[in-house]
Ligand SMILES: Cc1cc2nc3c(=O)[nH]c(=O)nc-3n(C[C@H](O)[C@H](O)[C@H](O)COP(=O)(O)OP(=O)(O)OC[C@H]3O[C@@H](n4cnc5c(N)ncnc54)[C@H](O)[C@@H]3O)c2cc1C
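So this first bit is one chain, no partners, the form predicted alone, shown in structure tokens.
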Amino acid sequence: MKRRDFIGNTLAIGGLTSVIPISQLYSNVQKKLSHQNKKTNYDVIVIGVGSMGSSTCYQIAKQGYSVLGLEQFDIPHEMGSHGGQSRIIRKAYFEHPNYVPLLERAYENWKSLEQEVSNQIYFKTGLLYFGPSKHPLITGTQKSAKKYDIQVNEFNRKEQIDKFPQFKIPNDYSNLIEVDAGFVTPERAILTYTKQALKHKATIHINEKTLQWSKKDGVIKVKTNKQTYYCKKLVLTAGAWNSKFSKLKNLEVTRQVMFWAKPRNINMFKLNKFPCWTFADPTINGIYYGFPNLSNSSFGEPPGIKFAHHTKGTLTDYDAVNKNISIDEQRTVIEAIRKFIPEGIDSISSIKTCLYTYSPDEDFILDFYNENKDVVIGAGFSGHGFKFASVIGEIIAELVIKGKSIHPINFLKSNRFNG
């Protein structure tokens, strides 16, 4: 990895000049949702219109198939995994290099979507990695970067203090920056995919709860709290609720906590001045991560810099999530952030919860369900799936329409858990 010009042009959000406010996009989608047909027979039904489901509806509808998306809440919503204003996107995947080809396609698809709608969804801020040299965050990132020639550059302590004075990093830590990383805006992405799916004649129902589905004589029946529908192919992208509609009993749903804080000096943490970041503390499980301060007008509520602890949270019932965050939960994360970003927290603006759905090995499940080629499932995204939404929808559409995908997804097949 290179040392010279380690930051490059990282902190330029660049690209498009249009950033449509979330509120305006939401209003536009709501108007379209109120004028739809009432038919009950479709080529494909998608249960769950969140990140993966909205992308799937779009990919299938634009190929001319009739598709119905069923969402039990609003679009978007904060009951599942895809709320919270921002999600990191990166290519140098420390979890496993096998994900990198999928990420390369995801980047292409996010760019294609932006061009299609003239609205920015991916923001290039760069991503900092701080951690002990032998920590998986550092070694895994370096491994993926080397294998796929991804621009991840090292920098020393002096360069860190000069370029990123917001951080107080231990002297013996490794410091890396992935130049082309940044964040994707989940609410804007989901609304955009929904809007484009509707443009391609998809039908999407909100606030309609799926109760059960069954297959008989080659016909799939889906029963909701409002109607019964029929289709040839079914997609399960219901997030934490996937275990309700499948026999994948090895999925674990956890409650995660996200924080927003007003920094002491807002100018130091603005977009274009403060990158996304990750920080590994060897005394704890998981990593800490965070984002620049984002404007309410463009990115929605809440205000402040966002940060969280990426680790397996408390097991929870997806229909009865405890939204109350204890003082101890708050103290642990807030004290850690204050330790290595001293000026990052003047006061806490907001604290929210979301859900992770873990597979046993924390890798995705992307496959035909129960070897039934008429049913496809996308599940177990384990807290690191959103950045892939643009390619996951494409893959699911391929499995539904062609019975196979051109993308390298063999390592994500569900039969890896058998035996």
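Just so it is clear, the model here is predicted, and its values are computed rather than measured. Numbers follow the displayed sequence, beginning with 1.
Note that the form predicted in complex with this ligand isn't included here; everything after this is about it.
Stretch 70 to 78 is the answer when you ask which of 70 to 78, 267 to 275, 166 to 174, 329 to 337 has residues with heavy atoms within 4.5 Å of this ligand in the predicted bound form. At the 4.5 Å threshold, heavy atoms of residue 99 stay clear of this ligand in the predicted bound form, well away from it. Heavy atoms of residue 237 reach within 4.5 Å of this ligand in the predicted bound form, making it an interface residue. In the predicted bound form, this ligand sits within 4.5 Å of a heavy atom of residue 48. Residue contact with this ligand in the predicted bound form: residue 256 places a heavy atom within 4.5 Å of it. Residues 209, 354 and 385 are all found to lie within 4.5 Å of this ligand in the predicted bound form, as judged by heavy atom distances. When this ligand is considered in the predicted bound form, only one residue from 94, 299, 279, 245 comes within 4.5 Å through any heavy atom, namely 245. The listed set 287, 220, 88, 117 contains one residue whose heavy atoms approach this ligand in the predicted bound form to within 4.5 Å, identified as 88.
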